[in-house]
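Only one chain is included here, represented as structure tokens and corresponding to the form predicted alone.
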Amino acid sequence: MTYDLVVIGGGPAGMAGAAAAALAGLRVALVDGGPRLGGQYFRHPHSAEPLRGRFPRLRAAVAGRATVLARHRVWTVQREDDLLAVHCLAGERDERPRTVRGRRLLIATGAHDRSLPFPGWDLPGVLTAGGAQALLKGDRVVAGRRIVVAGTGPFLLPVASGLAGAGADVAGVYEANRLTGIARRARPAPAKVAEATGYALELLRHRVPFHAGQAVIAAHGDTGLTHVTVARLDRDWRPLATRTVECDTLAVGYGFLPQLDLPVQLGCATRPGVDGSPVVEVDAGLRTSVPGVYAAGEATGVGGADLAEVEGLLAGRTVAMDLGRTARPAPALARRRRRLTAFAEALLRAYPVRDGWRGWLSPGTLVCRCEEVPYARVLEARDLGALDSRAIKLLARPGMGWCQGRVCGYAVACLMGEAPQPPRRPIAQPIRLGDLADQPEETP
């Protein structure tokens, strides 16, 4: 079967885009690697689906109108004449190759945690803030007993409040940036102020201290995390004074990076985002530079669930109009997108990653955990004449392991003094050679 639209990603943007297109009369397939809809933002245990909020409304709009293909991991997309072929691995342990074809494609693949290396970040007990949140929301698992939450960005607040509410002893939240810069750059939005106030009250209720202008610059322990070094920072994130905090878990996050493997595979143009990270370039209707391909949500710039949903709605309506179906223009949606985009960009400017983090590294600090590449080897490759991160990769092997640079790529680019580049991976998801060789079968 050939669909009018194939949507990749079952989060707010993908669900909204699929719903808008299906309501306009298009045949829509929604493909997602998870076992159920929701993405990272609406992640929930199967036995306890949320009954209130936006998720039930979006799910109801999709159900019965679009074909939902859960547990379908997309590893590449190819153009076949006038169609776009989405190649997937379907199922759980016994995955089988499948291909879903459509006249149009909407990419709504979200984002992943941005990590910075520091001494001890490879210890058991150290994980990303997103990882701690995923364990809590998806499996009701609290990552540890005594937890430190650190990094930068507003995402630290829901992570810390969620962990505290689940019974964890949250030893503190350490925000590397100063609140004065945040207040100056991000104009108050009533809904966001109310949301932040709710998190602050939750932290206050559980007596969780919040420290601005401080960061975890090292983690310590033999077989697992036992304590961290916290530093008071200057405006460039250079340590001024340090102390230790005992903990068995560290949840650390420095914002998010869009997942761009699939749009880059297709040749979609990218541009530097507000924070310097690459994002997909789209027009007002969320069309990319490749005919028939659209992008919505974090792929066009990290901005949160509200913006992602609005972009998904706009993209779905644009696809319907481009295919000649009745769909009136949505100026109100466009205006809301502009407002939400402006707020998201203000937050990105308010929570920058400062260059001073490089001074936290010691020669033995692992920069690439997959290939166990220490900082000293990166410096050695640079001294040998490597001029960019690609040359560093060839000489010292960072980014050559399991994650293919998803974790260390940003840090290596910063260490070389260059802007992060779009990923160039012909395979977006791990795939067995046998599956790669098999002739894919078409999804009915």
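All residue numbers are counted from 1 along the displayed sequence. Predicted, not measured: the structure shown is a model, and the values here were computed from it.
Beyond what is shown, the protein has a form predicted together with a small molecule; the following relates to that form.
- Taking Arg354, His112, Arg339, Arg349 one by one, only a single residue has any non-hydrogen atom within 4.5 Å of the small molecule in the predicted complex, and it is His112.
- The contact residue chosen from Val74, Ala168, Leu156, Ile217 relative to the small molecule in the predicted complex is Val74, the criterion being a non-hydrogen atom within 4.5 angstroms.
- Looking at Ala21, you'd find every heavy atom of it more than 4.5 angstroms from the small molecule in the predicted complex.
- Residue contact check for Pro263: none of its heavy atoms lie within 4.5 Å of the small molecule in the predicted complex.
- Interface residue remark: Gly34 is counted as part of the site for the small molecule in the predicted complex, having a heavy atom within 4.5 Å.
- By the criterion of a heavy atom within 4.5 Å, Ser161 is excluded from the residues contacting the small molecule in the predicted complex.
- Taken together, the three residues Pro278, Gly399 and Pro422 lack any non-hydrogen atom within 4.5 angstroms of the small molecule in the predicted complex.
- Picking from 56-64, 412-420, 375-383, 37-45 the stretch near the small molecule in the predicted complex, with a 4.5 Å limit on heavy atoms, gives 37-45.
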